[in-house]
Ligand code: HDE
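Have a look below at one chain only, the form predicted on its own, in structure tokens format.
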Amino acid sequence: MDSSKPAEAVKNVVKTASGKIADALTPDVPGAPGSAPPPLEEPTTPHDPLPPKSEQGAPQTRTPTGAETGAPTIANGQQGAYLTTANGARLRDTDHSLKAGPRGPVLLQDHHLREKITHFDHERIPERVVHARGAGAHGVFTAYGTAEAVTRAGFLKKGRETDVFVRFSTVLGSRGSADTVRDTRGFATKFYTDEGTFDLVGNNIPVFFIQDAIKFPDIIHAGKPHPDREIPQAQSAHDTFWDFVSLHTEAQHHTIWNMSDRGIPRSYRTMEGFGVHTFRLVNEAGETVLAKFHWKPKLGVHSLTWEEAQLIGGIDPDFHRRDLYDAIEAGAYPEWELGIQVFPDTPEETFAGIDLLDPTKIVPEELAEVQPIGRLVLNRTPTNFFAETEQVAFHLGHLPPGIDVTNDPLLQGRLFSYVDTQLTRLGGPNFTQIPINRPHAAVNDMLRDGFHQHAVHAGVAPYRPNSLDGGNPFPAGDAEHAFVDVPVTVAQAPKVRANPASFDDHYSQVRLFWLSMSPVEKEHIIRAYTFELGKCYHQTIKERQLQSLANIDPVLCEQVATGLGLPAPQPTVPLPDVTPSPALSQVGREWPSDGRMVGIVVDPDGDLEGVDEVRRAVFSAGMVPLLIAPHGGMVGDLPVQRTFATGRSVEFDAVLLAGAPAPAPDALPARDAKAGTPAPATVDPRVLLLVEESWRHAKAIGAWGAGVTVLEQAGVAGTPGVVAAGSGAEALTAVQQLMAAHRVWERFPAAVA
């Protein structure tokens, strides 16, 4: 290898390793683990590390104090062709310990062994107490300029592009839990602005369980597994959770969101995000408004059905993480609009009778429009999950000039908690110097030393005022865009442990949410409450929560009580008269199909030419086709991504049938439990199961040619959302139109209005 031309050498290695890839066909299906296919034999010719995959990114190569280095991002990765110690000494062998003879004891002098094992022993840092399971991605935020009238924040000026890193997560589960549990999701965004980092640390639910941060340990202790048995994992269907929320009725609003379809998103890409709290914005003139932040997904807000979530938990616990990364790799970049609701900054800090400092309340969009202020696109996956997604550290106190906090008691507590958390998780006060956390603005903070200090500070006077360092650093003023602590007047009052009276309304907005749901969404909420309370052991907890449901709506209470075999209590408070908010429902609109997964059932003896045509058309439409066949490898000239044994309906947003494949050789109940489904011998029973499940989950189904007979054998022909077409192109066109609504909602029967 020519070491003078490393980039060219790497390119040649990739080309050699890639071999001859069949000109097959259109873009590759996402999911390849590396940037080049592996050769059959072990590679032995030394070469530099392969480049990252095309969709991968990494933190910019900034110095610990924010300066650009000009180095490529791969400069932070491993270098050179040869194995070395952590200090760069090349090694001959990493498979054998240094011993006193081939059969002798291992020698203490084996410094490579000790370095390797010691580092391995410390590879894991403490996981987050909450939001432990997450996935992150890099992207860019482009401002529309529409917020310039209300905030001086530079990153919101028209056309300004800002690098971002976003981490999605679940709240309750451990790092090893599943993605598709019923839980709140974190939606945390780090904006690397040129005026300092801004962390917008939100959730996919706009309200929180509690009104005061002092209760945060309590709700998390209640939601986490029971301390004696460490079960159940990553779920709220147990006594301690319902004990807490039925006693702290302020939690009922967040709880009904969690019991709705919002609790099990289809994808991070189809999930809203909310800043939860009310923030204060200040413009160049010093004028202030109050505001709430909203993330609106381009693809719409969609969820999994309960059965889909259960199946996915067993088939692919990494479903949401994989969906995010596969979409970016496929070029279907996840996209959201950032919007704000703006309110007058009055002394009462209320709007339309709603207390803006109460984090358990929303302001319906019908009362205050969400005004778009910018666009977020995620276009790069992490190069190293630990270095980026695990070590990224968010903090609500990371604020740019023009955005300030309010006296929301939950927000005030979070301002303390987030820094305190990083000190333990990331080993000390210098966590902002980890590459993923490094600001893209100049840093001169006078903070010194401490664990993991990466900066090499010059000067002798890290204090102010000083003369020995020429007075540096100097304070900044308005002209230099210094941060603005808005001089809000604090009312004279006694020190008390209390809430304002407006915080005492725990039911009106919960009722608003319930009455805003469509009949099918109400059915899902009833089922969720019935399941979760049914998993509780103590009757008293079930009865107490039923009392809260009675105070929300008598139909909801009666239906859940019937499922639990308990009497429905009468409300203890008057049922408020509220106006439904259509914006809260996920049903009734149409959305793009970008990045959706289309499963195509292939019969090796069927219309392979038609399959090829449909596959290309799916790619052209910005979706991903996955061919499902009796066996892996190739069917004709077509690459197979799933087999009848490995594929399951929950992986696909729609299913197309290009044939009626006979039972494959492995269609044996002893080998594949799915093959035990009773079915005619003419069609593989797993194909019928795929169709039946897709129909049950209200997904669009299309067929042409011999595939139409499968619809008939599955008993779904002629039902809503099932297309029998004359060609593959016709079937795809009809199915794509159906996918715009996400599901064929009329297939879900509803017993409530």
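The structure presented is a predicted model; accordingly, all values stated were derived computationally and were not measured. Note that residue numbering begins at 1 and tracks the sequence as displayed.
The discussion below concerns the form predicted in complex with the ligand, not included here.
Student: For the spot marked by 128, 186 and 421, is every residue within 4.5 Å of the ligand in the model of the complex through some heavy atom?
Tutor: Per the other structure, all of 128, 186 and 421 touch the ligand.
Student: Looking at 414, 648, 292, 398 here, can you tell me which has any non-hydrogen atom within 4.5 angstroms of the ligand in the model of the complex?
Tutor: The option sitting close enough to the partner is 414.
Student: Which of these residues, 268, 208, 241, 336, gets a heavy atom within 4.5 Å of the ligand in the model of the complex?
Tutor: For this set of options, the contacting one is 208.
Student: In terms of non-hydrogen atoms within 4.5 angstroms, which of the given stretches 619-627, 116-124, 659-667, 211-219 touches the ligand in the model of the complex?
Tutor: Flagged stretch: 211-219.
Student: Is there any non-hydrogen atom of residue 201 lying within 4.5 Å of the ligand in the model of the complex?
Tutor: Because a heavy atom of residue 201 falls inside 4.5 Å of the ligand in the model of the complex, the answer is yes.
Student: Hey, in the model of the complex, is residue 410 touching the ligand, heavy atoms inside 4.5 Å?
Tutor: Residue-level check for residue 410: yes, a contact with the ligand.
Student: So in the model of the complex, does residue 175 come within 4.5 Å of the ligand, heavy atom to heavy atom?
Tutor: Outside the cut-off, so no.
Student: Report yes if any heavy atom of residue 425 sits within 4.5 Å of a heavy atom of the ligand in the model of the complex; otherwise report no.
Tutor: Heavy-atom contact with the ligand at 4.5 Å: present for residue 425.
Student: Across 79-112, which residues bring a heavy atom to within 4.5 Å of the ligand in the model of the complex?
Tutor: Not one residue comes within 4.5 Å of the partner.
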